[in-house]
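Below you'll find only one chain, the form predicted on its own, shown as structure tokens.
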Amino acid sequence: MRLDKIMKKTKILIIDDDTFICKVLTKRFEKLGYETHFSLTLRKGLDKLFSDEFDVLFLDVNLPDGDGLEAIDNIREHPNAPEIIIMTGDSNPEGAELAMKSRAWDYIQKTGSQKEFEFSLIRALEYRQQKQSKPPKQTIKRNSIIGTSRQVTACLEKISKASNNNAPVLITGETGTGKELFAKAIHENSRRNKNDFIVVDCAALPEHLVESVLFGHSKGAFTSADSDKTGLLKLADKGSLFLDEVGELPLAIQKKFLRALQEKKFRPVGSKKEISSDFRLIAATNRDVSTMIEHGKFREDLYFRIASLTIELAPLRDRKSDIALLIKHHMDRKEKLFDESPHKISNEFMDDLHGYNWPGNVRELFNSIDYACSDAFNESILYPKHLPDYIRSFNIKNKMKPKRNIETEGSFKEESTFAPVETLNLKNYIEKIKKKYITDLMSHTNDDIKTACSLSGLSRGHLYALLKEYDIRN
């Protein structure tokens, strides 16, 4: 592609508190013919971004008034959001992972050469031109997928892509996040939608019957096989096969299933003949498959085969902005299906829903709404008192946690919880202190990552890395 074609009216914005880097990059990009601006703080940079239109944004991570990674969600709200290239002085792989999950175009260390910056910029502009020249996106049949959060929107974009091919898809997410809903949406938006969507709950299959259920069997294959039986793989011919909780598939079956997936051929139990089936695989799990592979509980070759495309569903606690829409959808459904009298929702009730962390995700939310409506009965308005006791207890305890005055308090309260200095070498002693500091930090900030980063001076990526290293749940 000719450079002059992508330079027309191209505007670049740099947000970095290092004046030298800003001036060097500005000079470099202006020599190439780009209109380039820079800001030394996040606030001024965002003000400039939202008062104009830029094609590419070079964004620092550690800024004096905020974290660049945390600002990405806000930047995405721009009606014509730029391609984002993250710049950092850290060599933290966790930060790079967060940047990619936030759909940043690239992640560059400041120690890189100017050529690296230029190359990343050119590629980002080529991609942007290609993206803007694409035909309008197809309308996705969402079924019961409710939400407008960034996380849901990103997953819907992946559904659109997955629906236009036959590659296997792996959907990951906690229990109750709606993995089957997303799997069905892929099927309903694909060319296979006129054929069957076959659901297999791998966790519910007795181990001695898994092979027969999946592949079928011939009469006389085993004691109770008094007739031929068609397996679920064959029933999914020309349609989609949804393997829920694929991590529970026995190792002995995984090898046979891998061959069936690759060849689209398999042999029913007790049969001498192979049969074929043109099924599209969609798998789901709430388990960490990488850890299972390390422990020899899941075949690595099968994992790579089923994860050609991946969709990671966010837990409800990370997309609480969708709670109001989810409740409206569920209440409307209850009224329509069960002819229930509608209940109004008080502000206090909604505040308690937003205060809870929802370990059971959307499924738990809907169950809690059902409970509240049942408890309210003929009362027309839902209040916190109508919620399950464990939710009310959680919120009360959370409100009673001591709040730190971050502006006036300079340090945490020290506790003598360590062994005497003479019993530990320096490295181990420092590690114990670091772990306690991070534990106290998360406790005093009520697990609020943004506040914890602001207080500690750690970047978001570095904090996540420490939480993982010390196995501290947030």
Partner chain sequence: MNLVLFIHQDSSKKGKALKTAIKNNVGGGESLTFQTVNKLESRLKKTSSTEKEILILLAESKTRLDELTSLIYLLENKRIILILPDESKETISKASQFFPRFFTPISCKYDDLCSVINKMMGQEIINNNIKGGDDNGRTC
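Bear in mind the structure is a predicted one, so any value in this text is a computation, not a measurement. Residue numbers count along the first chain shown, from 1.
FYI, the form predicted together with its partner chain isn't displayed, but the following is about it.
The three residues 292, 428 and 466 each lack any heavy atom within 4.5 Å of its partner chain in the model of the complex.
Screening 383, 366, 394, 119 for any heavy atom within 4.5 Å of its partner chain in the model of the complex leaves a single hit, 366.
When you look in the model of the complex, the only residue of 343, 192, 319, 184 with a non-hydrogen atom within 4.5 Å of its partner chain is 184. Heavy atoms within 4.5 Å of its partner chain in the model of the complex are found in exactly one of 303 to 311, 252 to 260, 208 to 216, 160 to 168, that being 208 to 216. Within 4.5 Å of any heavy atom of its partner chain in the model of the complex lies no heavy atom of residue 83. Residue contact check for residue 389: none of its heavy atoms lie within 4.5 Å of its partner chain in the model of the complex. When contacts are judged by a 4.5 Å heavy atom cut-off, residue 199 counts as touching its partner chain in the model of the complex. By the criterion of a heavy atom within 4.5 Å, residue 370 is counted among the residues contacting its partner chain in the model of the complex. In the model of the complex, 330, 333, 337, 338, 339 are the residues of 314 to 353 with at least one heavy atom within 4.5 Å of its partner chain, listed from first to last.
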